[in-house]
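As a starting point, one isolated chain is supplied in structure tokens, in the form predicted on its own.
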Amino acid sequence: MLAISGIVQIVLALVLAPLLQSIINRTKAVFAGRRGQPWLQPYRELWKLVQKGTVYSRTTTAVFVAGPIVGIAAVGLALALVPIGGWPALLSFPGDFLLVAYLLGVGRFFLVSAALDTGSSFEGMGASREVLFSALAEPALLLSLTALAAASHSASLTGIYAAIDSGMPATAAGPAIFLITGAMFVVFLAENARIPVDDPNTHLELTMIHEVMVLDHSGPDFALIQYAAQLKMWLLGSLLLGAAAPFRFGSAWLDLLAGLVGLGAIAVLVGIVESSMARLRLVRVPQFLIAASILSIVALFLVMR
């Protein structure tokens, strides 16, 4: 039964992850007074990229080719460790939350290496910004998960989120859960290149971060990068949802449905944030991410005292 539930979660992630991007775009369209793009537009874009050919520069090596492949493989493996809606993950063992963070780091490392492999100073600029901001976001994620582990007295993600129920926020751990939710939401925005940290739709050379690293990728390679980003949004959204809305209804299928609805609500919230505020100046982004780490540290002190 545990294996079946884990497989169901992974299948749902693989099928529905692009829909989160569609929900964000439709929410932004509502705020802008537009009709918005079709719900299946992200799927159409991925299919269009898969059908195109791939162009490689003569200056690139196998590192450039390995970037998208390792990136999506790392995120796919991390998905097997993350539970959703109270369901146990496919894989679970003590300390698996550290492996999730490391897998995300491995995927980023190879993507940055692929950008540097092109020899382009422009992509190198984007890679340096990506590394800087990720170095500030990763401590917030790790400290938040560590605080959750301390509050739940469990060392695996399945045990952590199983112990967090609707009653925990009302206990002494409530303030810590609130701080962790805030920190993880900041990490969610930063890791997924969303406003106010980054703008995935920007074309201004001096402000591009994530998008500039993948300018030389095309066709199926670019499709893998886009799909990996959508899976990463699903993964981080699941981690955020487990802390922000740990509701249990006594039925496994209702819990799973609530988890799916919660992920959609997070996507709507992201669309609202992007519609109501502008992107931060680059010099302000480190302060924004450091604030998330501070929230995580305070939460850790609250649960450890």
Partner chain sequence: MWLFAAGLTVLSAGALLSLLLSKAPRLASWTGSAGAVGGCLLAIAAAIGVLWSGESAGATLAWEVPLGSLAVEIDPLAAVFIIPIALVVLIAAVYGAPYMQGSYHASTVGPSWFFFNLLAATMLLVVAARSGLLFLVAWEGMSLASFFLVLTDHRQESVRRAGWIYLVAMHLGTACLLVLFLLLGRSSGSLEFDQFAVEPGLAGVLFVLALIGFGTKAGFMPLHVWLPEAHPAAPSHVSAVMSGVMIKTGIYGLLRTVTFLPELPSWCGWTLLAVGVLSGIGGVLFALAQHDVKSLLAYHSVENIGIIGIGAGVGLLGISYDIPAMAFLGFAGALLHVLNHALFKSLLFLGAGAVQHGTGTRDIDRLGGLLKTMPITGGTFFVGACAISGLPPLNGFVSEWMIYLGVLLSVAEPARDANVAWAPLCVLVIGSLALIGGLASACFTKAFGCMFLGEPRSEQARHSHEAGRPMRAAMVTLAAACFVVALSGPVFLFLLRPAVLTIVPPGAREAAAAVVPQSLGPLVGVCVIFWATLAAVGLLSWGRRKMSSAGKVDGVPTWDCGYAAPTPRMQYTASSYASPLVILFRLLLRPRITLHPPVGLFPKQAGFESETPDLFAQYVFGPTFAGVAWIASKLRRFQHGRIQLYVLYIALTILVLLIWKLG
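Worth saying up front: this structure is predicted, and the values here are computed from it rather than measured. Positions refer to the first chain, counted from 1.
Although it is not shown, the form predicted in complex with its partner chain is what the next lines describe.
Segment that reaches its partner chain in the model of the complex - one of 36-44, 236-244, 56-64, 254-262, heavy atoms within 4.5 Å: This holds for exactly one stretch, 56-64.
Proximity of Thr146 to its partner chain in the model of the complex, heavy atoms at 4.5 Å: So Thr146 counts as contacting its partner chain.
Distance check, Ala163 to its partner chain in the model of the complex, heavy atom within 4.5 Å: It does not: once its partner chain is placed as it appears in the model of the complex, Ala163 has no heavy atom within 4.5 Å of it.
4.5 angstroms heavy atom contact with its partner chain in the model of the complex for Met304: Looking in the model of the complex, residue contacts with its partner chain include Met304, since a heavy atom lies within 4.5 Å.
Trp87 within 4.5 Å of its partner chain in the model of the complex, heavy atoms: Output for Trp87 is no: heavy atoms all beyond 4.5 Å of its partner chain.
Candidate from Gln226, Asn192, Thr181, Ser154 lying within 4.5 Å of its partner chain in the model of the complex - any heavy atom: That would be Ser154.
Stretch 134-151 - residues with a heavy atom within 4.5 Å of its partner chain in the model of the complex: If the 4.5 Å heavy-atom criterion is applied to its partner chain in the model of the complex, 134-151 yields Ala135, Leu136, Glu138, Pro139, Leu142, Leu143, Thr146, Ala149, Ala150.
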